[in-house]
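First come two forms of one protein chain, each written alone as structure tokens, so that there is a structure 1 and a structure 2.
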Structure 1
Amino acid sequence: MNKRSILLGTVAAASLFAIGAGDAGAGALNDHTEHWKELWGHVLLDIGGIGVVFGLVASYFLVSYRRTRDDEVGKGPKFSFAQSMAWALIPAFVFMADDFYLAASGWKLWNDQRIVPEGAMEVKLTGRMWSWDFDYGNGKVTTNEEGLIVPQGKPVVMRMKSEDAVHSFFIPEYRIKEDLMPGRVTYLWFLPKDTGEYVFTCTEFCGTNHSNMWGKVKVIPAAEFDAWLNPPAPEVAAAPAEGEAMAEGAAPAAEAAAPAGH
């Protein structure tokens, strides 16, 4: 018994190290969506294993200890103090080892999710009953009708607030969500790896049209996105390369040039 617990403890400790060491190479983009899927697989195995072990033992007992004679009584083991403590402490430490393994790997993913990579594109999101506004920072604003438009391959960070009730911005594809509320600014970030259209939707109950507060994340190639965000505006005398730095100055022009946002 004791050996097994030591073994399990060691395995757990070793996995902690493995997690710590197996960090993504420097410079590589940290894709927490992929890490989520990996960790999910591990956790399913973990809890699945525990469940099957306990379930099978229980089932085996249920079948093999059926009553055979009417006057039969159970003969469960009587424990000495030491035995009874062993039956408490050993399982407790095994469970704790597993808990710490889970906590450590959960924590690691958490850091991936919460530490925003440098150079992420920032979008300001305002939620209200029952629509969303995405503000790209140069005066360009889209609503849930048009969707959230982001460039492929570039991390996007959403700075979010609500004008009324609590809402939650959820993109199932990227395995991420965070609440919006009045009085605070919250954030989340994600990496749109592939082009395409993905559902985003509201996941904090906000009244009648709660299930109607949805739209699409539209991931388009970076070049196309730049063209959309800063359409070439000849009357503004600014070099295209400095587009980002000039964003503020260019804002009114860009808005005038773009089709009405909403």
Structure 2
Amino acid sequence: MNKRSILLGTVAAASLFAIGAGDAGAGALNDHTEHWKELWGHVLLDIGGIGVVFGLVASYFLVSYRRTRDDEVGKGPKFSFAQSMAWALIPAFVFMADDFYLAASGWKLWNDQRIVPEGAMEVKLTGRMWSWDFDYGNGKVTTNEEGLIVPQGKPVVMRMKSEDAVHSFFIPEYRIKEDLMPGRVTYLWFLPKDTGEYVFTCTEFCGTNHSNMWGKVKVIPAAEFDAWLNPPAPEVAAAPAEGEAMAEGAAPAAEAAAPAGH
């Protein structure tokens, strides 16, 4: 087996491995957060595979075609036009096939992420220099200092607007980010599966205190959230009925009217 065959075989095998790795485990996932994490893992594996292939090829060239004498002058093989095009285009298409697959997967996932599920809880988010306001629609409003409080296991959609500059709301844990712009309402949604606290922040520079525009998403059990969102009204002592009030007032009056000494 000559060197050219070994090199071509190495490139082909590594390329097929990269394509297979990109496809492994791919499939429809109900949780978009997990799917984004999986897709990013495939991207890293794809980039790493390509890097390994080119590193091996470069190392092979360095060892096999190194100069052994000071006066040695190398010369490359003469390729026909068809051979030159094949060596240039086939590896490019093989590697790009996986890149196109990952790009298409990312585009489809992004489109799926834009579809808000039915029954999602809506929170109105207002961004301004340099704070966030979260309005739950029943008079309950929190700021970034208090955090965004959401129930576990229920999808949450954020309807967002800015009062001044362009801001960008980003929750790294859920792999979601969307800009807020004056005069326009944008949105994003996420599914808080596990209880805990997760950081959110503004990722669009918006002035000197931009770094203060952060807080935490606080995911709590659904029952605890319902109690927080709609606390029970304080109990008020019931007013006595009219007949009871008259009876209570009549007894002292009768005692006052009785003659002394009886």
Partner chain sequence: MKEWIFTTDHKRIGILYLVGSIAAFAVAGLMALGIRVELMAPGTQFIEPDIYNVMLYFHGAAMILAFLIPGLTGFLANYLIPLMIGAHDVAFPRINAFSVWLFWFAIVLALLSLAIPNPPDIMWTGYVPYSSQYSSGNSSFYVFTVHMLGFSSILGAVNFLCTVIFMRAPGLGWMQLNFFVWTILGAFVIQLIFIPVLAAAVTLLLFDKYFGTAFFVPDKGGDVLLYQNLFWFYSHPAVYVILLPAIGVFMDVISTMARNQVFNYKVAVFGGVWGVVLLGSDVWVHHLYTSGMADWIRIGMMVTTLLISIPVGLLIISLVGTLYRGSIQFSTAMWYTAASFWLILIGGLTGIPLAMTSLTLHLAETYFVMAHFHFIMGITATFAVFAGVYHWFPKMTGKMYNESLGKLAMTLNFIGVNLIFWPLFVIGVEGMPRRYQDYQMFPQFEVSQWWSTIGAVIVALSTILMIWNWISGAIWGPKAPANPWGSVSLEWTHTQSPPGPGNFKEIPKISPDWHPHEYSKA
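For clarity, every value in this text was computed on a predicted model and none was experimentally measured. FYI, numbering is relative to structure 1, first residue = 1. Between two forms, the rigid core is defined as the largest C-alpha subset superposing within 1.5 Å.
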Practice problem: Look at both copies of the chain and name the one that is the form predicted alone. | Solution: 2
Quiz prompt | Pro91 C-alpha relocation of at least 2 Å between the two structures, rigid core basis | solution = yes
Self-check item: Asp194: Cα shift of 2 Å or greater between the two structures (core-aligned)
Solution: no
Self-check item: Trp214 C-alpha relocation of at least 2 Å between the two structures, rigid core basis
Solution: no
Quiz item: Core superposed, what is the CA shift for Val63 between the two structures, in angstrom?
Solution: 4.0
